[in-house]
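One chain comes next, on its own, written as structure tokens: the form predicted on its own.
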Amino acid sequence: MAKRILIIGLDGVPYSLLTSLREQGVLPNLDSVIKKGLFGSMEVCLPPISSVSWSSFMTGKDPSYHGVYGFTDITAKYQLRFPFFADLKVPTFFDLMGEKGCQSVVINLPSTYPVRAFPGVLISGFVAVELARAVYPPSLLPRLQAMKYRVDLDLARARSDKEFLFKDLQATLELRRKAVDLLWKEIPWTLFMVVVTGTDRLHHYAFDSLEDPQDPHHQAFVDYYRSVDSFIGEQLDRFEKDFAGDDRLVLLLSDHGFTGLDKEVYINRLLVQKGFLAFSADNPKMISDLDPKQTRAFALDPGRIYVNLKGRFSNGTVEPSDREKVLEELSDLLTNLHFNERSVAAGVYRREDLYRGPLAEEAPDLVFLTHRGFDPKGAVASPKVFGASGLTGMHTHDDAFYLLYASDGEVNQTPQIITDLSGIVLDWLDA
């Protein structure tokens, strides 16, 4: 009997929110699977950002094995670069399945850009700058262009215009639906995966609308979840109908949790104020504008802090023998950071505490985990340590969700962290 897997990713959806909406009767399709499957919360790898989480999901490894620590990385010469899909240092479970002759169709999975040779069909998700480099095989591109497929919302407009946000969320979800329709029978697949990114955008731009039932957009927030639930139901029904004679595994998951945002924390401004960081430009635009000779430490999103170490960076100022002292100073500074008598730090972790893999030396020296409501940022232009950019929601490393259901009832592994899911998929396939 053949085995088939359907995976639906809901970017940035917290377990606690699904539980609440389920209790309100908003998610009948999801509820039907929850009642017969395994549903729970899980943690994700630090730092809690989509590029790290989806890479960890695909590989079953933390960043010290796969090498992706954020949407951006920094070179030894202080230049920002974007990690590519091909930069993953370990194979994905799609690749391992491909070695066994199993093909996958994957739609809108973040951190798969630009595409590379893939055992099946792949359409990259965020951050995919150019659709032509986001589609494998390339012969699929004209059909996607004909349906006006796009990877994401118009983020600039959606951020400032909630009326447009909700319209564009629905329009983008409809494009996901059309892509699934197009590719469902494109190839003989073993695994089919689609990711809904709109949930993450909704939370970043309109989490305040969820938290306030009197907000004029509260109902639109809930209605979008009804649409997502309908989308899920359509795929589940099709999966069951078209492959009724096969063993079927359903996996739904998110890549991190979410919560309301009170203040953004601009770590580089704090480091400037405390003498750890200096810039060569009067109005710096990005971290590459730093003055390396006057810098002992700097930060990248989200809460990644690097010591300007000799031997690691081209103009490092900190001797390896002094690294421990600098880390102690930074840890004390962050641990004691407060806003209106509220403690900001939930944890300050050294890379040695988090990472054990062969690429651990590429990790940030510290990862700053904040209490809910405080979002750590690596931006350099803010004149203050605490501020706001218009976002109303932030990621959490806990409260991500998983939902597993097998038609044969044989799934009995309970994931604790997102890296566990790859092994569960491969074990179920015996791949």
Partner chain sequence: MEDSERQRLWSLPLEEKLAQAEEVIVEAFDRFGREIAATWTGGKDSTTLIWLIRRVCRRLDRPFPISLFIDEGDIFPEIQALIEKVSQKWEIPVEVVRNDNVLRLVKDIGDPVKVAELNDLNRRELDLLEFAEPEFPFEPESYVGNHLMKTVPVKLFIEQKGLTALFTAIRWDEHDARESEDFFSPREDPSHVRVQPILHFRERDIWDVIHTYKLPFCELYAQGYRSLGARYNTRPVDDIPAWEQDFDNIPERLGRGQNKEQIMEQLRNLGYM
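Residue numbers count along the first chain shown, from 1. No experiment lies behind these values; they were computed from the predicted model shown.
Just so you know, the form predicted in complex with its partner chain exists too; it's not on screen, but the next bit is about it.
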{"item": "Sole residue of 279, 306, 149, 136 within 4.5 Å of its partner chain in the predicted complex, by heavy atom", "value": "136"}
{"item": "Listed residue that, although its partner chain is not shown, lies within 4.5 Å of it in the predicted complex (heavy atoms), from 155, 346, 222, 171", "value": "155"}
{"item": "One stretch from 328-336, 346-354, 137-145, 240-248 that, in the predicted complex, holds residues within 4.5 Å of its partner chain by heavy atom", "value": "137-145"}
{"item": "Non-hydrogen atom contact residue 87 with its partner chain in the predicted complex at 4.5 angstroms", "value": "yes"}
{"item": "Contact of residue 285 with its partner chain in the predicted complex (heavy atom, 4.5 Å)", "value": "yes"}
{"item": "4.5 Å heavy atom contact, residue 80 to its partner chain in the predicted complex", "value": "yes"}
{"item": "is_contact(residue 66, its partner chain) in the predicted complex, heavy atom dist at most 4.5 Å", "value": "no"}
{"item": "Members of 376-399 lying within 4.5 angstroms of its partner chain, judged by heavy atom, in the predicted complex", "value": "377, 379, 391, 395"}
